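First comes one chain, alone, set out as structure tokens in the form predicted alone.
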Amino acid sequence: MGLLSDPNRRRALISMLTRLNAPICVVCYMAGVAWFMGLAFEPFTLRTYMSENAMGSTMVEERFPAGERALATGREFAAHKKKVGGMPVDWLVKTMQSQGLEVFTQRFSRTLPFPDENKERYVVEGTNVYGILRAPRAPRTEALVLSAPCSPGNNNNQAVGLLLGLSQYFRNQIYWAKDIIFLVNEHDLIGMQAWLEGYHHTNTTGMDWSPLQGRGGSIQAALSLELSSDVITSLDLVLEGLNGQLPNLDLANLFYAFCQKIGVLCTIQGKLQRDDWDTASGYSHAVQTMMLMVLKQASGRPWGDHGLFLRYHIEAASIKGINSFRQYKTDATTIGRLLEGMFRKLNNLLERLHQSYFFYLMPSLSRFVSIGYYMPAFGLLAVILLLRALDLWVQLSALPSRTEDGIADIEQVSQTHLGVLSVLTPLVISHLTGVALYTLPIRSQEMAVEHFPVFETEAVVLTAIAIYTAGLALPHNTHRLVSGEGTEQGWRVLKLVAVLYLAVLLGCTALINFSLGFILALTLVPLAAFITPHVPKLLSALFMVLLSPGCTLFFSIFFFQELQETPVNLQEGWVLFLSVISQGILDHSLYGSLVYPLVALLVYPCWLLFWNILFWK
């Protein structure tokens, strides 16, 4: 503290930081990227371990014997689903009642803000069916959930069959201390959202649903099952939920522990675990796995039905069957034994899962990166903004020259006030552009359909792109509306405000969704640090456009497809880009995803401030 309290030493430190500002910023950026890439190197990660004592041992004997019967039930379910052209509600109710469960249904409907591009539906109506197995050895104050979505076509029939097989087997056991709810939800996430809102007596999305006639206890954990083939070669664990939320790491550890015990091949992000971490290919594999998790988390959308449980502080994950690795095969009986073991361990919980991590990245199922390891990578990028703000503050804090009588020069004082006032107009117009980007695409879809040969979904997406593009021209030289010609001090004040604004924005985003904050920091920090009105305009404008939020999304789609080993060409990438925009707006309207309003109302206006600085005259 002596260094900062001594005025001479403080001035010397500030002088050094301002003199070496640019080199320090470059070093910090390279160090932040290198730190993040090093997180996938196995010696720098932590080995997963069970923190919850109640689940610390997998010494239970799994006896589920009815795998083939469950597959037969799945085929029967598929036949009834095909016969009625949707959810076979009556058949499901009779089947669950015959197993001794308390069975209830819930009807729901949801009007979409615009038709879903994939399924071309404007109004979604459906019915959820759930059965409750009451705990025979407890006061029924807690519950566990096993769900399987009723997907269209031949998808997920086997999962429903296995769910019904497990419900029949669980009914004959006497050791349950928690209610177990077996849920078959229609229309995937929409049906799950309706059921969760009805169960918790909330309505945050404006959906119409009938009240639940039966409830269990407070839900402690949930698993969502997705199987679409009789032949399963591996089980993939899906963790990413709404707005980048993740379940407690102990839930992933429990899944991995039982896979190791029973001998089931398990994956994360669809990728197998490798032991050759000390080779270039092994490290590259870990980086790809971790980057897939980063991109999925940054999207803010739930990647399975489990993703909506997390907003209610319920630890949940999705287990998906994969039929890709031909040298392996896992039958339905083995999958049923794994789920039985997990539920028996969750049944032993005396309190909610809380002892392990909620913020982590996973380069493999056996290794994880905690928040204390990955946050310094973001901190190294964020400190660049603080260094640039310090440099600007030092430049602006130079006192105006005084006359011999000690009176400040009136002209310089007036320029200072004009520089401060000239910040207001770019700030206001940039944020009004963001408000237009957030509100107009959905509100103007009817007018666009009337005047142009497009459908509602196309109208929404194209309107959003048009407003985004028009924003490049609207704030251009807006400072002239206040002060005529812009001053040298004016753009410095504007940049100081924009840099501090971006620092706070990225910091808050990283605390909620680290992956989204880090990706935005990778692209926005370089342009925020070095953009001025005195750099070459054309080259800098191209540089800024390539690092804008829209282009970042466009490039991320290609990167994501490459990591999934399904590369696309430019035309296919453009179609995916349009689809991702429409899905992002839908996710915000249906489930409350925060990514679209964050980008439209805050990130894009902040980027426009730097765009205005570039063309300052």
Partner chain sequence: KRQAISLLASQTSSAPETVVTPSQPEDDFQEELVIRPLHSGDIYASFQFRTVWDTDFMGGKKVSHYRLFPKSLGQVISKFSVRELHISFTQGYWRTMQWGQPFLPSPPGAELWVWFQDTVTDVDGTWKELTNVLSGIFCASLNFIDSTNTVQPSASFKPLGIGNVTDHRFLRYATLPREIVCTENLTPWKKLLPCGSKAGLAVLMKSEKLFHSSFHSQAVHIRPVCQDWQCKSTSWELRQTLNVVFDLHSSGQGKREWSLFKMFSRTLTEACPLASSSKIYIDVTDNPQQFELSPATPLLSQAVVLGDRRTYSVYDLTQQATFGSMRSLNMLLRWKSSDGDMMRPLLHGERYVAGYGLQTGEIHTLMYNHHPYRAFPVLLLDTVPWYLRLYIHTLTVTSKGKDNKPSYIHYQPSKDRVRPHLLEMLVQLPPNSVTEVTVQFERALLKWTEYTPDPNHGFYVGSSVVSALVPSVVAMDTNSTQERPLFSSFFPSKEESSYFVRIYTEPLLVNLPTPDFSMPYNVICLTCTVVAVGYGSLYNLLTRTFQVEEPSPGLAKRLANIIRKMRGVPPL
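Residue numbers count along the first chain shown, from 1. Because the structure is a prediction, the values reported are computed rather than measured.
Although it is not shown, the form predicted together with the partner chain is what the next lines describe.
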{"item": "Among 463-471, 132-140, 489-497, 149-157, the region lying within 4.5 Å of the partner chain in the predicted bound form by heavy atom distance", "value": "132-140"}
{"item": "Option touching the partner chain, based on a heavy atom within 4.5 Å in the predicted bound form, out of S318, Q99, S234, S430", "value": "Q99"}
{"item": "Listed residue that, although the partner chain is not shown, lies within 4.5 Å of it in the predicted bound form (heavy atoms), from Y199, F514, F114, F108", "value": "Y199"}
{"item": "Residue contact check: E351 to the partner chain in the predicted bound form, 4.5 Å heavy atom", "value": "yes"}
{"item": "Non-hydrogen atom contact Y312 with the partner chain in the predicted bound form at 4.5 angstroms", "value": "yes"}
{"item": "Contact label in the predicted bound form: R215 to the partner chain, heavy atom within 4.5 Å", "value": "yes"}
{"item": "Heavy atom of R274 within 4.5 Å of the partner chain in the predicted bound form", "value": "no"}
{"item": "Residues from 525-552 in contact with the partner chain (non-hydrogen atom within 4.5 Å) in the predicted bound form", "value": "none"}
